[in-house]
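A lone chain, given as C-alpha cells: the form predicted alone.
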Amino acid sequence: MPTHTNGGPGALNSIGVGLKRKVEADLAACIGCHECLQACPVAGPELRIADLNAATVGIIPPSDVIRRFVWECFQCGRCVPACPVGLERDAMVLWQKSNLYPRPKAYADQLRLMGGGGGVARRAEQSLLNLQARPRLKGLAQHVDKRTLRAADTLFFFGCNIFSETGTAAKVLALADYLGCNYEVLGGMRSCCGWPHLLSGDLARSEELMDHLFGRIQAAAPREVVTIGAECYTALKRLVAVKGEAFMPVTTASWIRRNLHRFPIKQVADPLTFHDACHISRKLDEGEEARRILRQFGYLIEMPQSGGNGVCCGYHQFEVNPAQVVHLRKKRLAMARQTGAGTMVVECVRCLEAFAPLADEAGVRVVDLVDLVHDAVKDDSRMKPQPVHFTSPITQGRKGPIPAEGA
C-alpha cells in the first residue's frame, strides 16, 4: 500500500500504522457488493468499488472520479452499518486521503490557524485573531490561549470552538456558574484537538496536536474534561485509550444529564426532534444521553434513521463542494420539518453552525441542547443550588495555579 515517510500527512506515525493495518485487513475481506457506496451521501454512480479498492492499495493510480470522492468524503460513517460483512469503508477512504496529493486548497484554508507551532507567522496570525475576537468573546477572552491552568475538578475544553459565534461556550460556563462548579477552561486555536486534521488525512499533524493537548490537560489534572464539539470528544476518547485513563472525557449532554436534577426545566411547547452527531451517535453509539434530556423538556419525535436516512451536517468536508453539503443540510432540515417538530436540537457546536443559517428557509428552528437548559436557567428566579464538588486524586494537596505547557 502507498505510504509517505517524509513526515507529511501520510507519514506512518502511530495513527497511520494502526490505520494501515485496519485498511489492509478490511480490503482483504471486501466482497465487492457496493452497499457502502450506495449508502454514501457523496459517492456518484460512476464510482466503482473495484476501482476504489485497487486505487487504495496502489494497484492503479486514482482517477479523477476517485480523487473527487476521497476529497469530498466528510467521514460521516454511513457506509459502515451498510456493509454486510462489517468493514469500515470510512477508514479506507481516510487512508486514501492521507496518501493523496496535492491537497485541496479548501482544506489548507480551513485548517491554517488550527493548532500550535508552525513558526512565527502562524503565531502572529493567531494572536491577531485573538485580539480581533476579544470584544465579541467578552469574558471568554481571558481563557483564549492562556499559558497557565488552575487545578480543577472539571476542565471545559473548547479548543477552536471557543470562537464559535453560536455563543455555546459562554452558555456552558453560565450553566457551570449556576451550579457553582469548580472548573477551569482551555480554549483557543493553539489548543486545537487535532481531529479536524485527522479527518483531512493529515495524520502526523493530528497526532502532534493531540499529544500537545494531552500535556495541557495534565497541567490542570481534572477528573473530567467536558467538551461542546463531537470531534473534540472523539479526540479525547482516543487520548484516554492511548495514554491511559488520566481523566474522563464527557460530552456536554452527559454533563447536563448528570446535573439535570439541579437545573430548572422549561417545557417547550412545540414538539422537538433530534439530529445525531456522527461522531457521538453513529461512531460511538452515545446518542441516548441527549434524548433523555430532551424528553424532560418536551415531546420528542424521532426522524427516520433506517435506510441511510441519518444525514450528516457535512461540516468536515472543509467546503470542497459547498453546494453539495448545503443540499444535504437542507435535506436533513426537511426531514426534521416533516416530523411535525418545530425545533431540531443538536448536541455539537459544528452541527449548529452548519444547520442554523438554513433554518429560517426550512421553517424549523435549530438549537443546541445547551440552549434549552440555558434558557431555563436564565428565566429561573429560584435560589441557586449549592455547589457540589468532586476532586481528582492528582489535584489533592495542590494550591494555586499550575504551570502549563507554553501556548
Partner chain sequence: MRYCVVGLGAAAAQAIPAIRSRDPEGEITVFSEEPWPFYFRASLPQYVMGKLSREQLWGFPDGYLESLNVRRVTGRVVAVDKEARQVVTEDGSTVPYDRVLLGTGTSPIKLACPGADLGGVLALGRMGEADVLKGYCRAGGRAVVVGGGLPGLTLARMARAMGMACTLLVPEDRVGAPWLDARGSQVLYRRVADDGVEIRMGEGVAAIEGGQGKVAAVTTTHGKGIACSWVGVGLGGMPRTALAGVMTDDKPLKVNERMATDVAGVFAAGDVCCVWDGDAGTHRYTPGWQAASLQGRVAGANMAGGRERFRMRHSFLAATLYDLPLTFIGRADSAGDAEVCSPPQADAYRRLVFKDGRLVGAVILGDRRHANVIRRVIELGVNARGHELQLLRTDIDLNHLLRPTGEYHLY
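Values in this document were obtained by computation on a predicted structure and should not be read as measured data. Residue numbers count along the first chain shown, from 1.
We do not show the form predicted in complex with the partner chain, though everything after this point is about it.
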property: Non-hydrogen atom within 4.5 Å of the partner chain in the model of the complex for each of 24, 244 and 284; result: yes
property: Candidate from 65, 376, 33, 358 lying within 4.5 Å of the partner chain in the model of the complex - any heavy atom; result: 33
property: Single option in 117, 304, 215, 84 placed near the partner chain in the model of the complex, where near means a heavy atom within 4.5 Å; result: 84
property: Contact label in the model of the complex: residue 237 to the partner chain, heavy atom within 4.5 Å; result: yes
property: Residue 289: touches the partner chain in the model of the complex, heavy atom cutoff 4.5 angstroms; result: no
property: is_contact(residue 43, the partner chain) in the model of the complex, heavy atom dist at most 4.5 Å; result: no
property: Residue 170, heavy atom within 4.5 angstroms of the partner chain in the model of the complex; result: no
property: Which of 86-94, 317-325, 171-179, 132-140 sits within 4.5 Å of the partner chain in the model of the complex, heavy atom basis; result: 86-94
property: In the model of the complex, residues of 179-206 near the partner chain [heavy atom within 4.5 Å]; result: 195
